[in-house]
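Only one chain is given next, in structure tokens, and it is the form predicted on its own.
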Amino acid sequence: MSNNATSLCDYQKQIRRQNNSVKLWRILILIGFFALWEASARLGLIDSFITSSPSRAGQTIYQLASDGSLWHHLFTTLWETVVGFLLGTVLGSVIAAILWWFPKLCRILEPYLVVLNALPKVALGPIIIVWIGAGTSAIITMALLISLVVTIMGVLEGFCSVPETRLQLMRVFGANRMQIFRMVVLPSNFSTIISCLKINVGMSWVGVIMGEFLVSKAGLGYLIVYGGQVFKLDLVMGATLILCLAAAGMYALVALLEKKLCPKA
């Protein structure tokens, strides 16, 4: 027993060392990237007017934070992204459940879902603006369109992949379709839904930024477009770095939710 306990303890220590090593390498790669970028700009290996540099982008971020405009643009984009993210996830999961419930309807609509998923959503931008108007609603709609179909297809595939033996066992015990869905299909796909959440984080940010590129008066996408139009590349890179940090933070929250709902054995 003592040997087994020692082996288990050594194994856990090895796993922790591996995890710490991965985290360390991630940090070192990030530091190395910014150090190389800064050094290349200072030594003239790259044109800092075009590529900016970490120090110049950081100075621009500081100026935006000092005058208060940074928080207005950041919260605008965050609000649009969170709303689009939640709508896409909830509506996508509900529609996937409806399609699972009605297999014939699923077979009818499947080709249309594939086509909609392949359609470049940015091509619908001008139509969305005409239908909904040039405002926040159009931007949220763009984010919703980008994440909705992906969520439907991902969650539906998970619902349909539940082993038939489990479903048959529930039927033998007299369970109806609602009980089967609530007690077997849905719990079996928590990890699938979490995976869709992770995908939707990126998709929602893409949708919002695309929407802000087309029509916006505030937001990180607006700063990027404005900076490009007036050749303030420091503003472009600064807004892009903030965008990366915000997206990483949102992904970290989803990863934390995954640990709570789907703990690994």
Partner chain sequence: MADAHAILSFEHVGMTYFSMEDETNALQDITFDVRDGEILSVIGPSGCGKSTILSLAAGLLKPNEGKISLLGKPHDCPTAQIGYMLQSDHLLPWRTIYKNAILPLEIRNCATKDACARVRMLLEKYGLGDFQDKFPRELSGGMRQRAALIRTLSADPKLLLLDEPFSALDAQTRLAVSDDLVHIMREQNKAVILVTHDIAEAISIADRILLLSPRPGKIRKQYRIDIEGSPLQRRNDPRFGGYFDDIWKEVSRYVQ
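Treat the numbers as computed from the prediction; the structure is a model and nothing was measured. Numbering follows the first chain given and starts at 1.
Although it is not shown, the form predicted together with its partner chain is what the next lines describe.
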I need to confirm a contact call. Of Arg107, Arg177, Arg166, His72, which residue comes within 4.5 Å of its partner chain in the model of the complex, counting heavy atoms only?
Arg166
Among the candidate residues Val150, Met170, Ile194, Ile132, which is the single one with a non-hydrogen atom no more than 4.5 Å from its partner chain in the model of the complex?
Met170
Examine Ser161 and determine whether its closest non-hydrogen atom to its partner chain in the model of the complex is within 4.5 angstroms.
no
With the cut-off set at 4.5 Å between non-hydrogen atoms, does Met183 touch its partner chain in the model of the complex?
yes
Would Pro103 count as a contact of its partner chain in the model of the complex, using a 4.5 angstroms cut-off between non-hydrogen atoms?
no
Counting only non-hydrogen atoms and a 4.5 angstroms cut-off, does Pro187 reach its partner chain in the model of the complex?
yes
Heavy atom within 4.5 Å of its partner chain in the model of the complex: which residues of 30 to 56 meet that condition, in order?
none
